[in-house]
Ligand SMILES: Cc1cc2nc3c(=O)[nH]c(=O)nc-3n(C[C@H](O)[C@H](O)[C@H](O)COP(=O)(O)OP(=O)(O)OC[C@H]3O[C@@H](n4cnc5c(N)ncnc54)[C@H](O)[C@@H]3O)c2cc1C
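Consider the single chain below, provided in structure tokens and representing the form predicted on its own.
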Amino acid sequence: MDNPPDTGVSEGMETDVIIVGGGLNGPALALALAQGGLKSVIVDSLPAERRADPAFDGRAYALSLASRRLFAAIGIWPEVAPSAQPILEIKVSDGRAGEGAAPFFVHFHHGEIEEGPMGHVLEDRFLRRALLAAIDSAPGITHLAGMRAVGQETGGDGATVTLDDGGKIRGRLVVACDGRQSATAARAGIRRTGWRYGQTALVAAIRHERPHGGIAHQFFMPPGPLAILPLPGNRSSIVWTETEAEAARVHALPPEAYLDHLRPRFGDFLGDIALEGGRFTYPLGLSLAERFVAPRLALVGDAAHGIHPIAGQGLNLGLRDVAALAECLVDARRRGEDIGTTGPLREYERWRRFDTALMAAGTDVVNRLFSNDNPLLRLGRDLGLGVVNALPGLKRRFIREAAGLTGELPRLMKGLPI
């Protein structure tokens, strides 16, 4: 491993918040906290050059309107907006590979709400680079790249995180942003509940002959859904769900055979298709932490909850955690409170736990309902799609939910400064 930066960590570092995990949620939280005058240290196990790699790897995120507002509020959106594709319509349908969609479907149009596009699709490479540049230039944020947290202690007067080089960081609060297998949460004794779905997501970027018109598609098939997310130009990102065994077989195919397997599912509405960038697979499951907080510790993003990507809400849920936790901590500091004590942490957990449980349950039910070929369930769900499509009020509710505009929104998710 490269030598750590000369930060004085071996002698001990003092900060307000110690953020373990340098993916997307960790830097976003640091930037949000900096707005409220709180200092943070990000402990990032990956070297900075890995995070900033400009190579296109096909990964992209469907950012809700509320998430876009958060990125605008923390100064990121102007940097990434030119690379983002607005989602103008969403088409949801049920069917089988090679047979096309069933007669009933749902069509959502951004004109059905007043706020504009329901969301944007943004490639991982652009978002990560913008976050790295922002935290590197923001006062009060220290980024320790290529370093690991190997221990933590929490007590009445603060928290200490031990690094793999023996250095220690002291702060008022530790925030775990280190994913579903969060070692930070495990060290705090926080258990998880959940299960595997027996499904794997195949992720890739696709070039196609015809323009997509800013339309996102969700096509439900018996093994699982295929999401087609529009990217700038004649390109789309796919999240294609198959059974674990079938996904492993397909992923091992050479590129043209992979495309031959994809074409009956993708359809020909965008003309001929070709791969662009790499191909990836992710096992799918549900994973929820039994608690979102512990003494001087908070969980954010996948460290708190991992859900099925069926609604494209994983990152959006994490960003809502970011906005809620930042608001609770900054408000506590302004009241003169210790930010790591029970009051602000319980407020954060109250704010986020029910919303997260509801989303997890919803994605779980939808996946189980649609990822099968039972004729009675197929008839019922197809009729249900037709009913939703025929009721403007219900459609509008679904659109606002997908855009992240429902519930008790933190200030940042309204586009307001913290």
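Sequential numbering from 1, following the sequence displayed. Source: prediction; values computed, not measured.
The discussion below concerns the form predicted in complex with this ligand, not included here.
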Position in contact with this ligand when the complex is considered in the predicted bound form, options 117, 223, 95, 309, heavy atoms within 4.5 Å: 309
Thinking of 21, 46 and 179 as the candidate spot, does this ligand come within 4.5 Å of a heavy atom on all of them in the predicted bound form? yes
Although the partner isn't part of this model, could you tell me whether residue 313 comes within 4.5 Å of this ligand in the predicted bound form, counting any heavy atom of the residue? yes
This ligand contact at residue 282 in the predicted bound form, heavy atom, 4.5 Å: yes
Residue 344 versus this ligand, in the predicted bound form: is there a non-hydrogen atom within 4.5 Å? no
Although this ligand is absent from this view, report whether residue 378 comes within 4.5 Å of it in the predicted bound form, heavy atoms only. no
In the predicted bound form, which of the stretches 325-333, 215-223, 270-278, 147-155 has residues with heavy atoms within 4.5 Å of this ligand? 147-155
Heavy atom within 4.5 Å of this ligand in the predicted bound form - qualifying residues of 196-227: 201, 203
